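Before any questions on how it binds or moves, here is one chain, the form predicted alone, in structure tokens.
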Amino acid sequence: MDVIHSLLIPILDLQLLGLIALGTFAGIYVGAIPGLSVTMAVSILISFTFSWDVYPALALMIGIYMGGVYGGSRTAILLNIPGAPAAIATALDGYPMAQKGQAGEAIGIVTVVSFIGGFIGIFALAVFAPLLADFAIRFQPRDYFLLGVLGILLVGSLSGESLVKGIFAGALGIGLGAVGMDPLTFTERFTFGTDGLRAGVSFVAVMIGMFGISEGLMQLHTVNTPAVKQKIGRIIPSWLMVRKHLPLGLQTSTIGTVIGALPGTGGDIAALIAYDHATRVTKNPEVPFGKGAIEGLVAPETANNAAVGGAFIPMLTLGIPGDAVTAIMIGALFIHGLNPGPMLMVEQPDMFWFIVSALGLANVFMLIFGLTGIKAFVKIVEMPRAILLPVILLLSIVGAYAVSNSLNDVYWMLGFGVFGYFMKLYGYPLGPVILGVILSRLLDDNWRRAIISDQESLWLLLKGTLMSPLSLVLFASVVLIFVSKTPLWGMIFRKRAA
């Protein structure tokens, strides 16, 4: 009865219900504006809600979190500017659909599959929280390092036909992520004596520049081309289409939940791994990946929304944040006198079930708000390019400045925009650069922890990797993905087929 009562609290209390709805609505549009991250919005909310009761404060934060993860797909589809890192993979097939006049269909299918992925993540939180938390705590530093390497190698899935260009772009991103003060020794790295580089390079500035400014510069080549008229017919996808892609959605939702439950990962890595999984299991897509494949929308969007529920698992059961947003929420719980961790579910199970219920309601509101207003939203891509390009530039400048109120971020954004333009001209993918910047800290920190824990011996590190079943699976996956992207793999399969 206590569980049912806790689940019903946000449903029966109109104030809490309204705060969840308001947070979800605001989160969708915060997530859609590049630079206005969900993490920033939730952190700002703490200063406004610290005097509130814990339930209303959490209700608003959870709504913004759920809406923001979904909202990043809007501008990814319409403008090829991901509103959040988790939407980078969505842009690969969403933007080509918008260019064909199918923006409404793309947003419709993304909204529905995001709801499905979110529900599966919340279900896993409610049912498998202790089990998945136990699995997540088994990860050693070498496992996190291998997970990061796995993410970088997966750039092969995002880099067209050239593995070399994809790896180069990923390595460039890792190098950019290493700029600044070394977090372990506090020495300068790649700063060249410049004070402005000590704080590092903002990945948001890199992301907005690479995707926003470079896209604007590319469109200058076709500034007089008439805009594609979007076909806004049936926005809600048919049951036949949903059923067709449901098996893939269930697989990638599971991937998203598990990745989300690993402390310090998040929806961006989950979306990347899910997209790669989709390219491998989808044998004959109706449209090739990267050209507007529905599967290329289903996989990352189910995964990054399922990762929301997954991220709460280590937070509530171990007191370890699953991602940046749940790290802020841990701070909010401490402010309100709660101690997230193993004893929270024992001493205050009502808080656990309240969060489960609030996430479920936010997921429902995301579906409702996501399917309304699409016709007005897609008018963005029907604007003449002479008007749209200055708007893109303005949004990019505002987004880059809003992160830390720094003009340096704006300069970096403009510089990376020009650099990204030339990368596009010469066929280098941009997605791996952003992913490299994001994964750089994960790789750096966990490589050091792994090598220090093994007495700085590569042999002991390799031995530990081969002796641990979890590490061995990750290591084998890294080797398999690398080999599968080489010409040798194709030659072997052609000979077997012959």
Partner chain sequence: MQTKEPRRPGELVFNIAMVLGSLILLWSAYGISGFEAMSAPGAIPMVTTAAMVICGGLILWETLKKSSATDEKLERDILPLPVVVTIALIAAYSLLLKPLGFIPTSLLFLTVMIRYLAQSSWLRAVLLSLAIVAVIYMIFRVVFTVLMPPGIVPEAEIIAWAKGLFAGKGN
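Numbering follows the first chain given and starts at 1. This one's a predicted model, so the numbers in the text were calculated from it and none came from an experiment. Only the largest set of C-alpha atoms that superpose within 1.5 Å between the two forms is called the rigid core.
Form predicted together with the partner chain: not shown, discussed below.
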(message) When the partner chain is placed as it is in the model of the complex, are 54, 277 and 332 each within 4.5 Å of it, taking any non-hydrogen atom of the residue?
(response) no
(request) Tell me, please, which stretch of 23-31, 447-455, 66-74, 466-474 lies within 4.5 angstroms of the partner chain in the model of the complex when heavy atoms are compared? (result) 447-455
(message) Just to confirm, with a 4.5 Å cut-off on non-hydrogen atoms, which of 128, 401, 139, 352 contacts the partner chain in the model of the complex?
(response) 401
(message) I need to confirm a contact call. Of 213, 112, 204, 78, which residue comes within 4.5 Å of the partner chain in the model of the complex, counting heavy atoms only?
(response) 213
(request) Answer with yes or no whether residue 220 is in contact with the partner chain in the model of the complex, where contact means some heavy atom within 4.5 Å. (result) yes
(request) Report yes if any heavy atom of residue 250 sits within 4.5 Å of a heavy atom of the partner chain in the model of the complex; otherwise report no. (result) no
(request) Please run the contact check for residue 45 against the partner chain in the model of the complex: heavy atoms, 4.5 angstroms, yes or no? (result) yes
(request) Determine whether any heavy atom of residue 171 comes within 4.5 Å of a heavy atom of the partner chain in the model of the complex, and answer yes or no. (result) yes
(message) Could you check, with the core superposed, whether the Cα atom of residue 409 shifts 2 Å or more between this form and the one not shown?
(response) yes
(message) For a quick test of reading the superposition: does residue 61 move by 2 Å or more at the CA between this form and the one not shown, rigid core aligned?
(response) no
(message) Quick check: residue 201 between this form and the one not shown - does its CA shift reach 2 Å or more after fitting the rigid core?
(response) yes
(request) Specify closer or farther for residue 61 and residue 208: how their Cα atoms are spaced in the model of the complex versus the shown form, given a shift of 3 angstroms or more. (result) closer
(request) Kindly indicate if, in the model of the complex, the C-alpha atoms of residue 213 and residue 97 are closer or farther apart than in the structure shown, bearing in mind the change is 3 Å or more. (result) farther
